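Shown here is one chain on its own, the form predicted on its own, set out as structure tokens.
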Amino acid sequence: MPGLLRARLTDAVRLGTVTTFHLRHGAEVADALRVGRPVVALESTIVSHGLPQPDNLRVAREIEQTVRDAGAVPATIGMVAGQLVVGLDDAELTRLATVDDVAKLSVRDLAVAAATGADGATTVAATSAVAAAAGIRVFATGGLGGVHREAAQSFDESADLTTLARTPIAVVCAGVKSILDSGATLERLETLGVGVVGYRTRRFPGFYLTDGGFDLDWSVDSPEQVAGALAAQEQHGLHSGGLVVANPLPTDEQLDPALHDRTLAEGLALLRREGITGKAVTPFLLAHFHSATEGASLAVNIRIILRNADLAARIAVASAARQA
């Protein structure tokens, strides 16, 4: 299975119409998929756009090691010279972490980026679509994209939401990024038919904050229960959409709520003053948080993704055990 592979994005992951992409699998991921070992998809946007250098490369390696330590194979997804790679090797990971012109790729950007030979980091939306096309059912990220604040005027909503509505994948996250509108995002996920479960909680987490302020209808207590939900999706023919597994930080590991609220208010004011819109909003606000909190938010962000990578790996292991 090594080398250049053709992978069809099925109707469940349709990009306008059924589309074919060339996916190159890393050797470790190709072997794991061939024999049915558990695999966890990881995004590359956090490497290229979500964390500052040089922390980004170090953390990317730690995330992959966390997945391995929990018994699964990491598959960091990105684009190198126009080629989508499922399971970047260390040299490719280093390239996306250190060069300056890495594009931020959502689903709509994949075809043009491939045609122009771009280096690109995949968002939650693009990573979900590519992972599902490769046959990977579990994905770990930090925070989900969602409905932006004041979206009633800007119509700014992440493609993560609509992609998850048609992509059979479980996304382990700490809720939506707290710079977004959590309540509106939960409403959109309900409308789109995307399942949301809290991991050992009935409250939707707020990324940097343990509690994002909203109740959840469902909670699960173990990786095995999540694996059971994924199996039930398949058994009942409900496998066209995703499942959000919301994994909150412990309260003693969250960002200080008062510091969070003050920093967010300052960042939103800066956004308006500088006229920043679209896909530049999230990286701008995350960079503001890292700067204004003197690294405290960065430490929290790293704890989030490492915890989510560990849980995602244990879910993937449980799912593989059910299929053995």
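Owing to the predicted nature of the structure, the values given are computational and were not obtained by experimental measurement. Start at 1 and count along the sequence shown; that's the residue number.
One more form of this protein should be noted, the form predicted together with pseudouridine-5'-monophosphate (PSU), which is absent from this view; the next part is about it.
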Item checked: Listed residue that, although pseudouridine-5'-monophosphate (PSU) is not shown, lies within 4.5 Å of it in the model of the complex (heavy atoms), from A60, A30, L255, L286 -> L286
Next item on the list: Could you spot which one of G198, P223, G145, P168 gets a heavy atom to within 4.5 Å of pseudouridine-5'-monophosphate (PSU) in the model of the complex?
Entry: G145
Checklist line | Candidate stretches 223-231, 158-166, 107-115, 244-252, one within 4.5 Å of pseudouridine-5'-monophosphate (PSU) in the model of the complex by heavy atom | finding: 158-166
Note to self: Please determine whether N56 contacts pseudouridine-5'-monophosphate (PSU) in the model of the complex, using a 4.5 Å cut-off between heavy atoms.
What the structure shows: no
Notebook entry, point to check: Would T123 count as a contact of pseudouridine-5'-monophosphate (PSU) in the model of the complex, using a 4.5 angstroms cut-off between non-hydrogen atoms?
Noted result: yes
Next item on the list: Tell me, yes or no, whether R137 is in contact with pseudouridine-5'-monophosphate (PSU) in the model of the complex, where a contact means a heavy atom of each within 4.5 Å.
Entry: no
Checklist line | Contact label in the model of the complex: T282 to pseudouridine-5'-monophosphate (PSU), heavy atom within 4.5 Å | finding: yes
Item checked: Members of 34-62 lying within 4.5 angstroms of pseudouridine-5'-monophosphate (PSU), judged by heavy atom, in the model of the complex -> E43, T45, I46, G50
